[in-house]
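Read the single chain below, which is given as structure tokens and is the form predicted on its own.
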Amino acid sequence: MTLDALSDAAPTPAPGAPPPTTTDVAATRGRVFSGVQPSGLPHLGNYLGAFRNYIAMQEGYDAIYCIVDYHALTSTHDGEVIRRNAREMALGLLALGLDPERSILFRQSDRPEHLELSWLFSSVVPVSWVERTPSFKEKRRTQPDDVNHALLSYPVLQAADIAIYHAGYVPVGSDQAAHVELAREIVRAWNTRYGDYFVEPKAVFTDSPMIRGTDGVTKMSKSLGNTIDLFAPEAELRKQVTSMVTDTQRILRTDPGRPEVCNVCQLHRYFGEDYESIWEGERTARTGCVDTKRLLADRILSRFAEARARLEELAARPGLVEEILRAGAERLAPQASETVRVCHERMGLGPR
């Protein structure tokens, strides 16, 4: 489902009201959870694919957002890189508009209860369920020399991340749809065996199902080196936009273009209501690819000017970011502890 489909379901919280801290949020505000890889400063694909929803949903929902550094261990084995990337991702989210007064931002490893719940969930998950996930198949192909056990169990930890706080909604990019569906299956399997307790989460998507990278073909991704980095120096950002592949059949400036296949034209949909006019300029060869790229770079820089300024302010106060992450984890401690306690009780762990 998209965010628009949920807009009527979330009541507006009273000004100054404290965020819910118990599992009883379903009766008032829906609870949102989403995790993001610590991949450094966000790029345009991150923002359009998921982060827009993160920011929008903190207005009417009990929103929890997690930097999943445990998950990062499946492919990154340099501790300093993970720490730096986690901090930069937090900086980027805060600069883009995530407000720790209206939502919770925390680091996954600061709440190790996630790992325990993942182990408890693994007892109800057939191996075939995790072997079929698209991400495992992709990683097995792209990093054949590092197919570690964590890659296989990644979706179970992801389900635990969501379920431990009884979240009903998960704002994600469309590439994570299969993982959210598997989380629903895992929760259902545990509830069937031990009694109803966990919420079956639903994925919430933006209206941009997949943002293609500068190559014009694959999803925008740092690992593929095809990103438009929102916080890059202006000259570098303009260079990234200029390098974008457009309509490969448009050879000469006077050739008519096909905006429906041109990635630059498609991105203009998110940066102005006049995008149809821009598309028509391409169809009629009134404008060229260089023109549309230059305009896109101008609009990206304009749209994110405030965020870029906020990033500089936050970067000058490194202690503040760490304080926000730790405070977020502390606010979640009672909920995480209670969920694990109930699981122990129902699964027969420890004394009654």
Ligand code: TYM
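When you see a residue number, it is the position in the sequence shown, counting from 1. Because the structure is predicted, anything quoted here is derived from the model rather than measured.
This protein has a second form, the form predicted in complex with the ligand, left out of what is shown; the following refers to that one.
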**Asked** Taking 109, 328 and 331 as a possible spot, do all three reach the ligand in the predicted bound form with a heavy atom inside 4.5 Å?
**Response** no
**Request:** Give a yes/no on whether residue 289 approaches the ligand to within 4.5 Å in the predicted bound form, heavy atoms considered.
**Result:** no
**Message:** residue 186 versus the ligand, in the predicted bound form: is there a non-hydrogen atom within 4.5 Å?
**Reply:** no
**Message:** Residue-level question: is residue 31 within 4.5 Å of the ligand in the predicted bound form, judged on heavy atoms?
**Reply:** no
**Prompt:** Using heavy atoms and a 4.5 Å limit, would one call residue 171 a contact residue for the ligand in the predicted bound form?
**Reply:** yes
**Asked** in the predicted bound form, which of 47 to 55, 320 to 328, 307 to 315, 290 to 298 comes within 4.5 Å of the ligand (heavy atoms)?
**Response** 47 to 55
**Prompt:** Considering the ligand in the predicted bound form, which of 166, 87, 71, 268 comes within 4.5 Å of it through any heavy atom?
**Reply:** 71
**Item:** Among the candidates 125, 147, 261, 210, the residue which, in the predicted bound form, approaches the ligand to within 4.5 Å (heavy atoms)
**Value:** 210
